[in-house]
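The data below hold one chain only, encoded as C-alpha cells and taken in the form predicted alone.
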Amino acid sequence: MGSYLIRRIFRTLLVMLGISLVVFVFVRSIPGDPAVAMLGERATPEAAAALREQLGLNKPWFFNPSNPLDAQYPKYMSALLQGDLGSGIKSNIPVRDDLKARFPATAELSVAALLFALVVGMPAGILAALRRNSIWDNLATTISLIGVSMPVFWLGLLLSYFFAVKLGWLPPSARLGSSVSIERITGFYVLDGLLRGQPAAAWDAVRHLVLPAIALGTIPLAIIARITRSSMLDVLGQDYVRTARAKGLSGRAVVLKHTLRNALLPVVTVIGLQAGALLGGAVLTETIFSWPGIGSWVYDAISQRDYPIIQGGVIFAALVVSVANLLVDLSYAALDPRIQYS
C-alpha cells in the first residue's frame, strides 16, 4: 500500500506540473489584453505599456536570453512551489485567500448536488435492474438519457424560471436571503446555521441550495443511474446470486448482501469522477444562480483576463479531481477484499 501510494502521489505531481504548463499557455492565448481590461478601452498605449511592465506581462513567457529566470513561467512556478498562487490583477487580493473564502460555497453546492444524484440515481438504477424491461426500467432509462443530454445552463434557467419566478416556491439566486445572516464557522451555511442555533437560517440556506443543486446534480444522477443499472444486471446474472436465491434467501437479502456490494465498484468509480467533475459544472451553475463560489469567481476572471485567478482556480480544481480519484482507488480494497495494492 505504501509504495502504491507513493507512486500515485508522484504521478499526481507530474499531472499537476503538466496542468500548470497547459493552463499557463492557454490563459495567455485568450484574446484581449489584461492591461486594457483593467484600464478600459480608452486607455492610452503608454498607460497600458506601463501597467504591463508593472505586472510583468511584458516579459517573455518561458525564457529570457539576458536572464533565464526572468520570465513569466519560471517566476510563476517558483512562487507556486512555495504555495503562492499570486494575487488578482484587478483586486490585488491573494488568490489563496480568495480560494479559502469561496471554496466552502462551492463545496456545499457540490456536496448537495452529489447527495441529490446518489439519493435518486442509485435507487433508480437498482429498481431499473430488478424490473428489467418494465415500465420502471424504461422510465429510468428515458429520464437518464434526458438528464445527460440537457445542458446545465439550460436546466438551471428552466428551474429558476418555473420554480422561482413563476411559482415563487424557491429563491432564484444567492446563498441566503437579504434579511438572513449567519456568523461563519465552517463556511457551510446549512451546518453553520445549525451550529449557531439558527434553524430558520439553516432552512433558508437549504431552500437556496435546492435549485442549483438539482441543476448541477442532474447529469451525475443520470450517469450514476445508468452505471448502477448496468452493473446490477451484470451481477444478477452471476452463479452465486442464483445459488443464493436457490437457498431460499429473501429478495432483499440477495440484493443487499450478494448483489449490491459486488456491483458497487464501477459505481464508486463513476461517483469519484463525477465528484471532481462537479467543480467544472459549478462554473455555469454558480453564474446562473449568482452563487459566490469558485466557479463564478473564475468566470468573472476570464472576462477580465485575470491570469492569476484563472490559473489558481484551474490548478485547485485539478488538485481536487486528482485527490478524488486517489480516494476512489484506495476505496476499492475496502469494497472488494480480493483487490490488493502492490
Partner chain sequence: MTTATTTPAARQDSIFWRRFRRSAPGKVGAVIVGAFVLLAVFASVLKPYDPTVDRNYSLILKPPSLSALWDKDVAEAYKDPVTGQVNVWRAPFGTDNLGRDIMTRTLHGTRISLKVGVVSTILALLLGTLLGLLAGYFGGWLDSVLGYLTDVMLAFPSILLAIGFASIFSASDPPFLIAAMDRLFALNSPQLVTAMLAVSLVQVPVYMRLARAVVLSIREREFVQAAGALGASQGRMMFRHVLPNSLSPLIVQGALSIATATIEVAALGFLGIGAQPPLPEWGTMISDGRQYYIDAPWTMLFPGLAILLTVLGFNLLGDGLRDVLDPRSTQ
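So that the term is clear: the rigid core is the largest set of C-alpha atoms that superpose within 1.5 Å between two forms. Owing to the predicted nature of the structure, the values given are computational and were not obtained by experimental measurement. Residue numbers count along the first chain shown, from 1.
In what follows, reference is made to the form predicted together with its partner chain, a form of this protein that is not presented.
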Students should find that, of V165, L115, A246, A200, the residue having a non-hydrogen atom no more than 4.5 angstroms from its partner chain in the predicted complex is V165
Between the options I135, V119, L81, L158, which residue brings a heavy atom to within 4.5 Å of its partner chain in the predicted complex? L158
Answer yes or no: in the predicted complex, does its partner chain come within 4.5 Å of a heavy atom in every one of P123, V210 and I309? no
Heavy atoms within 4.5 Å of its partner chain in the predicted complex: which stretch among 150 to 158, 180 to 188, 88 to 96, 101 to 109? 150 to 158
Close approach of W61 to its partner chain in the predicted complex, 4.5 Å, heavy atom: no
So, R175 and its partner chain: in the predicted complex, are they within 4.5 Å at any heavy atom pair? no
Taking its partner chain as it sits in the predicted complex, is N262 in contact with it (heavy atom to heavy atom, 4.5 Å or less)? no
Taking heavy atoms only, is L14 within 4.5 angstroms of its partner chain in the predicted complex? yes
Which residues within 288 to 312 place at least one heavy atom within 4.5 Å of its partner chain in the predicted complex? I288, V298, Y299, I302, R305
After superposition on the rigid core, does the Cα atom of F116 shift by at least 2 Å between this form and the one not shown? no
Against the rigid core, is the Cα displacement of Y76 between this form and the one not shown at least 2 Å? yes
Verify the C-alpha shift of V323 between this form and the one not shown: is it 2 Å or more after superposing the core? no
